[in-house]
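So here's one chain in two forms, each on its own in structure tokens, numbered structure 1 and structure 2.
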Structure 1
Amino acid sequence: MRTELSKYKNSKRYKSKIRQDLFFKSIFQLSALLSSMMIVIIIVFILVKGLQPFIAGYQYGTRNFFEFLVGLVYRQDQGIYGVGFIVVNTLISGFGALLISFPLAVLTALFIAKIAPKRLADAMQTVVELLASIPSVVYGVFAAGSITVMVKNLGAMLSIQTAGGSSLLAVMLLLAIMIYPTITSLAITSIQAVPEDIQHASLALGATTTQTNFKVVLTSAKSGIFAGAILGLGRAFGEATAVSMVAGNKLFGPTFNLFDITRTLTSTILTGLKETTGVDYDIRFSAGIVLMIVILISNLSINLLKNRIGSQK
């Protein structure tokens, strides 16, 4: 047996397979390296451009980083750049959208994966996938023509004046719709991956189907579900085009009134980007640095919450 194995390893066929494995392994390593390099290049570029306004000798006048970070006024016409209130607005709109969308997405995923008949489940999953493929600008046009009107009418019913419907509430509703398919799709995959043996064991111990779905299935699938929440929140924080259509352009803040206009980090970066130069152009990269930090901290917070849920008895 050993002699035959030794002969096979010395054969041309075996050596050819080894070369093929090494070739494809090199291709995969190169692809991973290129992907990593792109991430590094993007981060380095944003850091270099974004930190320039705060380094001594900056040609347009050095800015105070602390005042930029905690400032409550952003007026480019006066050369005042404070993103403290914009960070708060971004967190409120992002987590507000997640608060609206997350329970709906998880319940939809549970219905599609475990409750609905197969034909209905397939049809609903197709609809969710179609929602995920709609471009951001289309969502923005829809929000500008529908969500803002709804918010305006709601404000009129409550005797609250709005800026034509452009408001924090409109941003939250828009982002909730946009992140819904992302969370739902990942939640469906995670729920379907839960072993049926676990569910059968729960039913055998006397739990009802509903109790099993909520206490066993969702708990077992929490890793994938919260991964969807992280991706959804990342999209909410990173969305610029659609948000700019309904947010308004608040010059100070933060905004806590749902019917008041607001401003997010992404809308700040995008608005007027092609029509500006100098410090006003570079400071947008500084806002990009802050946005990356906000996303990182938010993702770590969600991961911490995920580890706590289901682990406490």
Structure 2
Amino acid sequence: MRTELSKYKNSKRYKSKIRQDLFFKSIFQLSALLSSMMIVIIIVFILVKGLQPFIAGYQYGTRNFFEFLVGLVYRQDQGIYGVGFIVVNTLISGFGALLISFPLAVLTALFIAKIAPKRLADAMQTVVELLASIPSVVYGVFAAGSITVMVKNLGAMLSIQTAGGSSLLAVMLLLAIMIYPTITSLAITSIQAVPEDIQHASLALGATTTQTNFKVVLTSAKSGIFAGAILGLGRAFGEATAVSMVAGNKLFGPTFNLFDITRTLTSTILTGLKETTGVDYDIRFSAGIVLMIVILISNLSINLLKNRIGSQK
């Protein structure tokens, strides 16, 4: 028996089988490593390219990094690049959208997960999924054709002049619609995951179903709900095509007036590229770095906020 086995182990067939196994394993391993390397490649290359304009000896004239970060004017024609006000605009539009969308999304999630009868809940779930599957460029067309008209009419009613409706308000409304399905679907998942016993406990203490829903279920599901808010905010900051269609192209700022045109980091990166050389090209990568940092910091701060709310309860 033992000699049979060792004979087989020394045979050509067995060896080629082992070799084949090793070959496939290394291919699988390689592709897994490649996939996980992508994020590193993205970050490293964009960092290197984006920091170039601020390093001494830059061929198109070194820029001051500090002036870039806090600058309040962005004019390609004059070569002045300051993204300080653009960051503020991005934060305002993103958090504004979250402010509109978050309560609506959480209430809808509660309705779908707890309050609505089965049929209605299924229908509403489909509505949310449909909203989530609409591509951003379609949202952009919708916003450019209807939200801007609405804002323009609203402005005319209040006798405020708008630039054809392209405005901070239009951007906020658009983003609110776009992040709504993200927040809602995460909130639904986390509300459904709230354990039954604590709801029963609340009911047994004499609370009504509605009181239980609002005071027990929502607070227990807060972790998932805030995760949805983070995802939604990330989407709001990173959304490019749709926002560029309604933002206008403000050259200085920041914009606090709801009816004034604005400019976000993504619309700055996306619009007006003419050549793929020169500082105007490189500075978009710098704006890309700032965008990623903005997303990162706002994620961290929402996480902090979540923990605050947790400790009070």
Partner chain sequence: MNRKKLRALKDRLLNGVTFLSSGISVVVLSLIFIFVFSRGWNTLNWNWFTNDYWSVNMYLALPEGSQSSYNKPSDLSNTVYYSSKYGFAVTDYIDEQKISQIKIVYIDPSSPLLDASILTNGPDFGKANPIKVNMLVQKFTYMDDVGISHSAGSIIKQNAAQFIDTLETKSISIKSTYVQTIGGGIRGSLIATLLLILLSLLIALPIGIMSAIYINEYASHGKLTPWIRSSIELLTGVPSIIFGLMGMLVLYPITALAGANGTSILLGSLTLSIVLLPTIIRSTEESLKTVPDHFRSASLSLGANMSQTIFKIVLPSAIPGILTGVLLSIGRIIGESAALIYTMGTFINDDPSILKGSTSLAVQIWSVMGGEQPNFQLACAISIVILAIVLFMNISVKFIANSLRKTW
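Take the two forms, find the largest set of C-alpha atoms that superpose within 1.5 Å, and that set is the rigid core. For residue numbers, the reference is structure 1: its sequence is counted from 1. Just so you know, these numbers come straight off a predicted model, no measurement behind them.
S.K.: May I ask which of the two structures is the form predicted in complex with its partner chain?
M.R.: Structure 2, which is the form predicted in complex with its partner chain, differs in this respect from structure 1.
S.K.: Once the core is superposed between the two structures, does Leu300 show a C-alpha displacement of at least 2 Å?
M.R.: No; that C-alpha moves by less than 2 Å between the two structures.
S.K.: Enter the rigid core superposed C-alpha shift of Phe24 between the two structures, rounded to one decimal in Å.
M.R.: The shift comes out to 11.6 Å.
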